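What follows is a single chain, given as C-alpha cells, in the form predicted alone.
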Amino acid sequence: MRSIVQNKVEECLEILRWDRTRWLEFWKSQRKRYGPLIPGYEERLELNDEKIKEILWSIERRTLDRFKWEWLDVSRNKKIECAEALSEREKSLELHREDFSVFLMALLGIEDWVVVDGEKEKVVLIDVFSLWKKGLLRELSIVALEAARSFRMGKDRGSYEGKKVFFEELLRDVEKILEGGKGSLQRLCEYLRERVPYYDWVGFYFVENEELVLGPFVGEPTVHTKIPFGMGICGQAAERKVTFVVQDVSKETNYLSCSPKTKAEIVVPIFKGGEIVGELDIDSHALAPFSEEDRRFLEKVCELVAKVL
C-alpha cells in the first residue's frame, strides 16, 4: 500500500534558517515548493500576503525553536502512529480509492487541518504547529484519524479540542449504540477500536465462577478465553475491583501476553449491584497512551454497559 502520510514538518521549519525579516519571502518560496497545496491553504482560510505577514511577525523565533525540538523528539513515532491509525482502518476510510493523502506540516497555526486540491488527489494538511500551540501534539494520531474521517464526510477543515471534548462526543455515540442492549456489545467494541487509534484490541470479559470468560471483542484472536481472578492484568483488576492501567506491559511481572505487539493495557471493571460482573479490556500497540481522560471515559462506558447486562 502507498504511504498515505507524509511528514513535511522539518521542511517547513527551514524558515528558522532565514532572517525573521524575510519570513514572508520564505513563505512565498513554499508556494512554489508545494505546488497547489499552499495556495489552496491560503484560499481555504482566506489569507492574503498582508495577513500572512502579520501572522508570521507575531511568531517569535524562540517559539518555533521550542516547537522544532519537541517535534524532532517525537516525529518518527508520531508519523508511524498516524500511518498505522489510517491503514488499520482501511475499509471504513475507503483507502482503496487512493483519492487522498495526509501531509503533516508546520503552517500558520490557524486551523488544525484543511483539505486542499493536490496535483492528483485531495490532500489533508494537518498543521502540527497549531496542535503544539494547544499542547496537543501527543494526540496527533487522533487528529489524523479525525481529519481523514471528516474528509470522507465532506468537511474541508476542522479543529481538535483535546481528549475531553473528543470523549464527550464518543460517549454520546456509546449511549446510542447501547440502546440495542447486551447484543450491541460487539458493535461497541468495533466502534471504540474504530474511533480511538491506539485502542488496538477491545473486548469484554464476564465473571463466571470466579473466572473471567471472554465475550465480544475485536482485534487479534486471544488464547486467554478464561482467566482466573488474580492472574494477569485482567485477573488483578477483577480481584481488586479497581481500574488497572499499565503503560508498559514489559515492566509488569504478573502479565498474560496476548500479542507481541501489545505495549500497554487498561482494564476497567463493570459493577452491578456492587459486585463485579465483567470487565472492559483494551490493549494498545503504543507505549504509555492512556491518560486520565481515557480512564474517566472508559469508566463511564462501563457504567453504561452495566445498565444493559
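Numbering starts at 1 and runs along the sequence shown. Keep in mind that this is a model prediction, so the values were computed, not measured.
We do not show the form predicted in complex with methionine sulfoxide, though everything after this point is about it.
Asks: Would you classify C258 as touching methionine sulfoxide in the predicted bound form, given a 4.5 Å non-hydrogen atom cut-off?
Replies: Residue-level check for C258: yes, a contact with methionine sulfoxide.
Asks: Indicate whether W201 is a 4.5 Å heavy atom neighbour of methionine sulfoxide in the predicted bound form.
Replies: Yes, W201 sits close enough to methionine sulfoxide in the predicted bound form that at least one of its heavy atoms falls within 4.5 Å.
Asks: Using heavy atoms and a 4.5 Å limit, would one call V102 a contact residue for methionine sulfoxide in the predicted bound form?
Replies: It does not: once methionine sulfoxide is placed as it appears in the predicted bound form, V102 has no heavy atom within 4.5 Å of it.
Asks: Using the partner position in the predicted bound form, report whether G219 sits within 4.5 Å of methionine sulfoxide, counting heavy atoms only.
Replies: G219 lies outside the contact set for methionine sulfoxide.
Asks: Pick from G158, G109, G232, G118: which has a non-hydrogen atom within 4.5 Å of methionine sulfoxide in the predicted bound form?
Replies: Filtering the options by heavy-atom distance leaves G232.
Asks: Using a 4.5 Å cut on heavy atoms, which of I142, V123, L93, I227 is close to methionine sulfoxide in the predicted bound form?
Replies: None of the other options qualify; the answer is I227.
Asks: Among 278-286, 27-35, 45-53, 58-66, which stretch sits within 4.5 Å of methionine sulfoxide in the predicted bound form, heavy atoms only?
Replies: Of the options, only 278-286 has residues within 4.5 Å of the partner.
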